[in-house]
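Form predicted alone, single chain, as C-alpha cells, below.
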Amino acid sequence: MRMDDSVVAITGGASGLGAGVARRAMSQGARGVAILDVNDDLGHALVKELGSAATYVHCDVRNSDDVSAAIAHVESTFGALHLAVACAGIGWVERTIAKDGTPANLDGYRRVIEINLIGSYDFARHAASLMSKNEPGDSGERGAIVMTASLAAYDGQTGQVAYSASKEGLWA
C-alpha cells in the first residue's frame, strides 16, 4: 500500500511499534495520521513531533465506545481511512498454577485477551466500516488493516499463556 495521500490510524500509536508506524507513515507522505492510545502525554508529544497532519485520540481499545469515537474522529478530521494498524497490546506473566497449586489470576488473563485480541478486532471492524466508504483503488482495494501478532502465537514462553493465546487469535 502506498502511503502518499493516505490516512492512517494506529492503536497503541503513542509508543513502540505504533509510534514507529506513525513516523514511517508521515515520512512516506501520509495525508494524516491518527494516534489512538491511552497514554495522553506520549500521544500529545508524538503529535507535536509529527506536526499538523497528526492527531491524537484517547482510546482504550477495551471500550468499544472509545474505539467507535476514535474512528468517528478520524472520519471527521480526515474524511477517510486507508490504513488501520492495531499495535495496542500488553503482556502478562503468570504460570497457570503457582508452585503451591494456587490457580493463576483470571483477571490478568482476561485483560490481555481484551486488549490484544478483542480490542484489535473491535478496531478492525470499525476501521473496515469506514474504509468501505472509500472509492476502490487501482487493484480494487478500499484500504488495509494490519493486526500485530507475534511468534509467541506458536512458540510461547513459560507463564505467557494469555499473550500467546491472544496473538494466536490474531493469526487465525
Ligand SMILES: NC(=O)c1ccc[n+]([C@@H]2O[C@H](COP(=O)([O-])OP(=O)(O)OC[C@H]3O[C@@H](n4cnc5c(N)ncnc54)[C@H](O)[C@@H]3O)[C@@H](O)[C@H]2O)c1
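Numbers follow the displayed sequence, beginning with 1. Being a predicted model, the structure only gives us computed values, none of them experimental.
Missing here is the form predicted in complex with the ligand; even so, the following discussion is about that form.
- Judged by heavy atoms within 4.5 Å of the ligand in the predicted complex, the contact stretch among the candidates 53-61, 100-108, 132-140, 26-34 is 53-61.
- For the chain shown alone, Ala149 is a contact residue for the ligand in the predicted complex, at least one non-hydrogen atom being within 4.5 angstroms.
- By the criterion of a heavy atom within 4.5 Å, Ser15 is counted among the residues contacting the ligand in the predicted complex.
- The ligand is not shown here, and in the predicted complex it never comes within 4.5 Å of any heavy atom of Ala127.
- Although the partner is absent here, Ser68 is not a contact residue: none of its heavy atoms lies within 4.5 angstroms of the ligand in the predicted complex.
- For the partner-free chain shown, just Ile115 of 113-147 comes within 4.5 angstroms of the ligand in the predicted complex, judged by any non-hydrogen atom.
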